[in-house]
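Presented below, as structure tokens, is a lone chain in the form predicted on its own.
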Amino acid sequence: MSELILQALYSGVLQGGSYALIALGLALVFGTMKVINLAHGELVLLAAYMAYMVESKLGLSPLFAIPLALVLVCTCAVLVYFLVSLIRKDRELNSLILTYGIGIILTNAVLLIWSADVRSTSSAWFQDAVVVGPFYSMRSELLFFVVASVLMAGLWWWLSRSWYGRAVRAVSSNRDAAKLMGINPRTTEIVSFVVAGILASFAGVAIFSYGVIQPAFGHALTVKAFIITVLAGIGSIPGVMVGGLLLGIAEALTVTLASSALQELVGMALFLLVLFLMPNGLFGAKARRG
């Protein structure tokens, strides 16, 4: 039993890395514009289908789909931004309706183009087992956990050290004060959407490399990203990383010790528990001031 639990913890950590990568894009956009992009999961899914298309039509590794996914997903992310920016009244509420509608459009576009069949990679290289001590995983899981860790560290450096990263933090903290300091909020918001698209592109290719995809999967990814953002606390990038790992571990332990039917339920249970006990999240504003 202890070996099963340890293996579940290991698998949960690897899965949590991808979850955190998905949630970082949602958290970044929300922190900058106070907009919850309910089409974010569909953008991740779009990148996953780019990987499927490159593998099935061109016979290439899904890794070669990353440049194509970056262009397509970032373009869609910028289009979402321009549509959201047209909202002048009650942006927080109306943007939810708008991005939800965009998500439905993207889901049905994927359905029309690639049908409702479940897709997965046929690459033996990605599916091969990798042994790390007493633990087992697919090569793709371990590879993209490393990629996710590098991207998260890069994002942390970018937000802390680069001019645009500091501009994103300034707009997130106080939009009017940032304008007085010479920062263009519109440009900064576009940059945050592009960065979110970059993260979504890598996350989508990762999901296709070790899992299965279908058109309705985008909504589930958005829900997971939102749960992690709430767990972390608004504005906490390290919290998003920890929240993703917590959700991944919780789901893996639930599947191992209980039933796979309860896998989605445990995320919602964590979501409600944190809302009741720690409304600001595990690493929210109050926790950081302390």
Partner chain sequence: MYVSKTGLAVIAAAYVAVPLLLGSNNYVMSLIVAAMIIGGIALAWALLGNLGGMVSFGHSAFFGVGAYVSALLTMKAGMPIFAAMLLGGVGAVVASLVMLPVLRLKGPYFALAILAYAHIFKIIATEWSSVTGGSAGLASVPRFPELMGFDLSGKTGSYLIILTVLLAFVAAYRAIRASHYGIALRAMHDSEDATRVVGVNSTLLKALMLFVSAFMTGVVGAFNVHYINFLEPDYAFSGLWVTLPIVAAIFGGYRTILGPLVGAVTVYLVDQLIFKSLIPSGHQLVLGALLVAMIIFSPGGLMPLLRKDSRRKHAAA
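In this text, rigid core is short for the largest set of C-alphas that superpose within 1.5 Å between two forms. Numbering follows the first chain given and starts at 1. Please read these numbers as outputs of a predicted model, since none were measured by experiment.
Not on display, but discussed next: the form predicted together with the partner chain.
S.K.: Counting only non-hydrogen atoms and a 4.5 angstroms cut-off, does V29 reach the partner chain in the model of the complex?
M.R.: No - in the model of the complex, heavy atoms of V29 and the partner chain never come within 4.5 Å of each other.
S.K.: Should Y49 be counted as a contact of the partner chain in the model of the complex, where contact means heavy atoms within 4.5 Å?
M.R.: Flag for Y49 set to no.
S.K.: Examine P62 and determine whether its closest non-hydrogen atom to the partner chain in the model of the complex is within 4.5 angstroms.
M.R.: No, no contact at 4.5 Å.
S.K.: If we define contact as a non-hydrogen atom of the residue within 4.5 angstroms of the partner, is L86 a contact of the partner chain in the model of the complex?
M.R.: Although the partner chain is absent here, L86 would touch it in the model of the complex, with heavy atoms inside 4.5 Å.
S.K.: Pick from V71, A153, I104, V146: which residue has any heavy atom within 4.5 angstroms of the partner chain in the model of the complex?
M.R.: It is I104.
S.K.: Within 4.5 angstroms, counting heavy atoms, which one of the listed stretches 218-226, 63-71, 40-48, 237-245 is next to the partner chain in the model of the complex?
M.R.: After filtering at 4.5 Å, what remains is 218-226.
S.K.: Going through 98-118, which residues have a heavy atom within 4.5 Å of the partner chain in the model of the complex? Please give them in sequence order.
M.R.: Going through 98-118 in order - heavy atoms within 4.5 Å of the partner chain in the model of the complex - the hits are L98, Y100, G101, I102, I104, I105, N108, A109, L111, L112.
S.K.: Any CA movement of 2 Å or more for Y10 between the shown form and the other one, core superposed?
M.R.: No, the C-alpha moves less than 2 Å.
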